[in-house]
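For this one, two forms of the same chain are given in structure tokens, first as structure 1 and then as structure 2.
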Structure 1
């Protein structure tokens, strides 16, 4: 139902009372503006968190071995536990459903030499699947493959910074480098979102290194990623079960806390998600607080407007305005102002976020932005609040005897 005459009345009233309109519009626009900016900054903080913790796969578990600290089954304490190839098979055998990828690892410091350049790096002997554990991204060439392992090839994938150190501006791909006296061919380079430390590793096929240095079944440590379908609590439970199973396999006392070491990223995840939750709650509180301030503002203004117009409403009633027409006139006016002002606030807010978004990155805020739906929801909340706030005084004004309204000064 579109009543042109009624809208004319409303536009005239808005037009002829610019200060009043501006005042109420400003309150709404300001509330929505603050809401948008605060929400946007909150989202920006969250984005930063997400990015900072993206260095390694969030779904990984690392396992290593130490000396026992408790005697068990007739064995003395102080016994060195050694992880072996059979442990990989054991884990895959027992926890096949929960393990996504798994890789053993042997780490050692090596001196790398290429022509005149030389430097010390950590050499990691791993499976091809280790790439997922580090979230490493191939820049050129390729990472290790199963074929490299089967043939025990003397090849390496080097980090971006290793290449920079040894080869300068040139590409290291296909070149031979000398690691601790043995020559390896560079088959690929990689970068890592985790940053510079993670880009100074050299990766070689696990089998090659195991054969070259000692020719045993020994493993330094084990990294694995677990089934992404596990939730945080399930993943933590899986880590604990895995630890206990390995203790059992190596005849370690169940109460021995140090012989088998296990770091589960899920526990870190849990902390991060707790932090995100707290952050979300804070943002929510600020948002709700801003909205409440806006609601109180618009309510006050509505009460004031109706008060100011009491006499006019009395005249209208004397001339034949029904209470319903009085109420709907005031409400439509307030809804119109709120909707337009809310939209203006939204536009300014998103504009400001776009403008300052880039420069906020050094303050731990990345790409601050808001979900348009959230802001429209906030505007609708304010419209409803404004309507309720306007309805009560409007109803009272419509009920007041015309004669009392006329005598009002």
Structure 2
């Protein structure tokens, strides 16, 4: 039950020993402060890595073609490899079980004009499935559909910032814009977690652009997402098999590393995961070291506090205080100081992170923050340590006879 007299005694003790209380609280607050900042910076680095990959699906593979660097099967080096529509069918036929979605892509710069507004943007000719590759989110209207491809419609989905540039505060949905001298109807707008650059793209049906610009079956590059059931190592192996198969199809030497280019996000994910594991181990090691320093500090202070109050405890025993009441009083005081100081350290730590957060972006630390549960757990650890540290000397002090305590120097 709540004992008002007990708490009055605790606050009187704290008030009489301001310096002792301040030193105890400072030790705890400083440990939690360092702990909070360290973990906040660690989370900021993780946020940076996540942001770099935010614009694309984490299950993506991109394929493109270059010139050969080695002769092969009687063919000279320096030969330009060209991806075509048949490569899409080849990939689907050979790797159907591991391919989730696939889209060819053609990119070109175009001037977009709407009434008096104009600007230059990147036009991307793609399949509807490309929306998954870019993680684009439709804000109004719709994205491209297979019907758009089949009928070779002159329609486009535009990024949020393209709409803002050309239409201002008005909606671009349903309006016609001129792209490189050809009129297209806006069927939708989208946002992209990759940021402003990814929101300045314009997407058109792949078949439409192929017909309007050259009427060929040539493609620029290919993007695909692989089976999400593949683990990282299996995804990397799949990417290697895919690259080797395309080399064989286009008569490229197996030793030629440039003719067929391939970027597999699984490789990047693996590298990032290893870096984050090392980073988390380092931060955890430093954080634990900080907590241990705080535990040692609060333990030493508690031993000193109990030793300093030996005479006071003797008087309390002489006046009828039980050993249990003495122990509980010391422990409650220890817990109170630790909890308040820990909370203060948490507030200061989060405040510092918020204050310096933007300035840390140039050091690749984005939005440094800390999980409150982690810091509360660290504070509870210090409270437990302070309780244990206070219990042992308090128990010894409670056993001292009043006469011995009063004669203690």
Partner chain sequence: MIEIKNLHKSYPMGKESLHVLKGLNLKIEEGEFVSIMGSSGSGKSTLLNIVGLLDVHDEGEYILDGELIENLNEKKAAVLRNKFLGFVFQSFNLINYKTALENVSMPLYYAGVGRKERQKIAMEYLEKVELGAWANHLPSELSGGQKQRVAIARALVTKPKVVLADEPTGALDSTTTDSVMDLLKDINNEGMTVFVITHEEEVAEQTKRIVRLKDGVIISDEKVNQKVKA
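This structure is a prediction, so every number in the text was calculated from the model and none was measured. Numbering follows the first chain given and starts at 1. For clarity, a rigid core is taken as the largest C-alpha set superposing within 1.5 Å between two forms.
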Given these two structures of one chain, say which is the form predicted alone. 2
Residue 67: with the rigid core matched between structures 1 and 2, does its Cα shift 2 Å or more? no
Cα displacement of residue 338 between structures 1 and 2 reaching 2 Å, rigid core superposed: yes
Note yes or no: does the Cα of residue 77 move by 2 Å or more between structures 1 and 2 after the core is superposed? no
Given the rigid core as reference frame, how large is the C-alpha shift of residue 288 between structures 1 and 2? Answer in angstrom. 3.9
Could the core-superposed CA displacement of residue 352 between structures 1 and 2 be given in angstrom, to one decimal? 11.7
